[in-house]
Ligand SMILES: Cc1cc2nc3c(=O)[nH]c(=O)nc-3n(C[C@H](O)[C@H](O)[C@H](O)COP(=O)(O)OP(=O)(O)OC[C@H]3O[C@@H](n4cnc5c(N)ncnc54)[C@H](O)[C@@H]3O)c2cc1C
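The data below hold one chain only, encoded as structure tokens and taken in the form predicted alone.
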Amino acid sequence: MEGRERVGGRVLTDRETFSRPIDLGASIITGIAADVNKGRRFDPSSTIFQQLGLKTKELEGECPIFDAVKRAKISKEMDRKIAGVFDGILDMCTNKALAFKAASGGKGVGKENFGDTVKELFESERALQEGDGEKVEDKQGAADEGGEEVVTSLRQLTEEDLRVLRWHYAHTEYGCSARLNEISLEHWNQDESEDGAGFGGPHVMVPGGYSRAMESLSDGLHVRTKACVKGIKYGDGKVEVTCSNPDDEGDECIVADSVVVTVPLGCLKRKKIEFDPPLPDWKQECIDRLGYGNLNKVVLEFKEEDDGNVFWEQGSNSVGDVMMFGMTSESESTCGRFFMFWNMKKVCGSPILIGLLAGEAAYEAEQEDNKLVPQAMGVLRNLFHDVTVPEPVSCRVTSWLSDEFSHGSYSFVAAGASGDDYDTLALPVSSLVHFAGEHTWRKNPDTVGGAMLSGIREAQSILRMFSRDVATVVDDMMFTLDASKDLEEGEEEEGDGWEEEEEDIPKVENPKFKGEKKAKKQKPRQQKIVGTVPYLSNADHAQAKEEIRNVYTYFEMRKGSEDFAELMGSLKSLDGKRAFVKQCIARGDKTNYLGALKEKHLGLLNSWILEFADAPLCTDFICDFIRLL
């Protein structure tokens, strides 16, 4: 059931306004080749275009940045210097986040945001320069966190340097689709820092439009368009979905065995769908906590001159040979306004520029869309001051925040949230209401590929649910979540390498049971409930934990590879075997472990792959195997 008159959602190709199809929403395939060394798969939407035989255009070349005041390209030396300063600021922010985490004993999620931290850093620096003795101590703390070299660089920044630095801020706001003061200091880049996160290979655009992929996938399916879902009632083994009927004024009620909710996070935040009973607190709190931002575009098409050239290919600031170029802003308040333009002539051949609006500028655009085209033209005429810049022949301005079926662009980790919230949003409510979308895929949020993978995940889950016992399905889905909760809350011992376990099993707290306390010596574990379905027997849970403990003890004690056969033979669970593989990857280049595996144990490793090839949640396990091989 699709509320719009078309499929695709935030993938929207405009085929009417311009001479070539132009993507107004998602427009970049964020990786078209697997990167085995980093454990990254390719964006699955790239496969669709390969199957359709459609061309893509790789994003290549540099992105020159121009200064708005001097109306000239900044030098490569300055570009490298400010990029280094910005990287140093990121490092200082990371260290500050680690300090916050250490101060809290590693418990909970920090509420500090990226923007205020950067502001405090600069305020303390200015205070030191002006001789404010009261703030010297604060400044020294910043130096300790990031290093004196970055601090010295901050002292020496000119006004031009600051304009370029603010351009980097705007680019970060673009990547997160949020204002800097909304972004989590601790987890802002969790989708890049985690093992296997992100897609591999170059990024590409689609000259014919991204919507082709969504439209091809919907061919032959019964998709009800203009069917706006208003309510979902679930219980007693069924769901009832109420939606508008496009053929008359009344509503329609559809009864089903289960439902997959794929509406954007912005719609869930605004409670556009009424759930009966209401979503449990752990789910609603997660919806409220995770961030959902906004981005907008201004698309301008111009008429080519008789010789086939356009104004941005001429003059002292010619950018005809690049696919994108940046522009600084004279003030901090407008740094996200047209901070970058895409040269679509390099992509589709038509004289089209797309100006990007990020951060506060993306929100302001929703209120003054009639002023944006003149503002964009002002920026372009300032940059290309020595050539004639004509009025555009066609233009269009997006307003994704105002779109009733999206209410924004894509998710981000807000202050007070963490990557765990993506996993929580992916959890079903009972066995009836499932959730998919980019906001439920931790390793690739804010991408079309992540949304597609989440849909495949839920399709697999539902297929298994109707082909075998429901409790077994939930066993498969929830094992890692429950095991990691136990690791965080109890049974830690000294001297066995248990601290490193955090890197092997994702830290995902089961929100259904948030706040439970466990003693070190526990009574026999009771089966817990997710919705109404029990999962995990005591025996399976204890076995997996014991195997993981044995693996880490083995590697911490640096036992010889001659004992591999005994250790490998004792591992029966998926999690135990994955812990072994990950430890071999982490330590193999410093020991003789890989040599021993290659000489004696490839057959056993192969049997593990065959054993778990069709198991749910095995994708990361198989990726780790590929990295090991």
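In case it trips you up, residue 1 is the first one in the sequence shown, and so on. Just so it is clear, the model here is predicted, and its values are computed rather than measured.
Not pictured, yet referred to below: the form predicted in complex with the named molecule.
**Student:** Based on heavy atom distances of 4.5 Å or less, which listed stretch (72 to 80, 298 to 306, 325 to 333, 442 to 450) is in contact with the named molecule in the predicted bound form?
**Tutor:** Careful reading of the contacts points to 442 to 450.
**Student:** Even though the named molecule is not shown here, does R4 get within 4.5 Å of it in the predicted bound form, heavy atoms only?
**Tutor:** Heavy-atom contact with the named molecule at 4.5 Å: present for R4.
**Student:** Do A415 and the named molecule share at least one heavy atom pair within 4.5 Å in the predicted bound form?
**Tutor:** Flag for A415 set to no.
**Student:** Is L604 close enough to the named molecule in the predicted bound form to count, meaning some heavy atom within 4.5 Å?
**Tutor:** Contact check for L604: no, nothing within 4.5 Å of the named molecule in the predicted bound form.
**Student:** How about D423 - does it come within 4.5 Å of the named molecule in the predicted bound form, if we only consider non-hydrogen atoms?
**Tutor:** No, no contact at 4.5 Å.
**Student:** Which residue among F405, F275, F100, F122 has a heavy atom within 4.5 angstroms of the named molecule in the predicted bound form?
**Tutor:** Filtering the options by heavy-atom distance leaves F405.
**Student:** Going by heavy atoms, what in 20 to 36 lies within 4.5 angstroms of the named molecule in the predicted bound form?
**Tutor:** If the 4.5 Å heavy-atom criterion is applied to the named molecule in the predicted bound form, 20 to 36 yields L24, G25, A26, S27, I28, T30.
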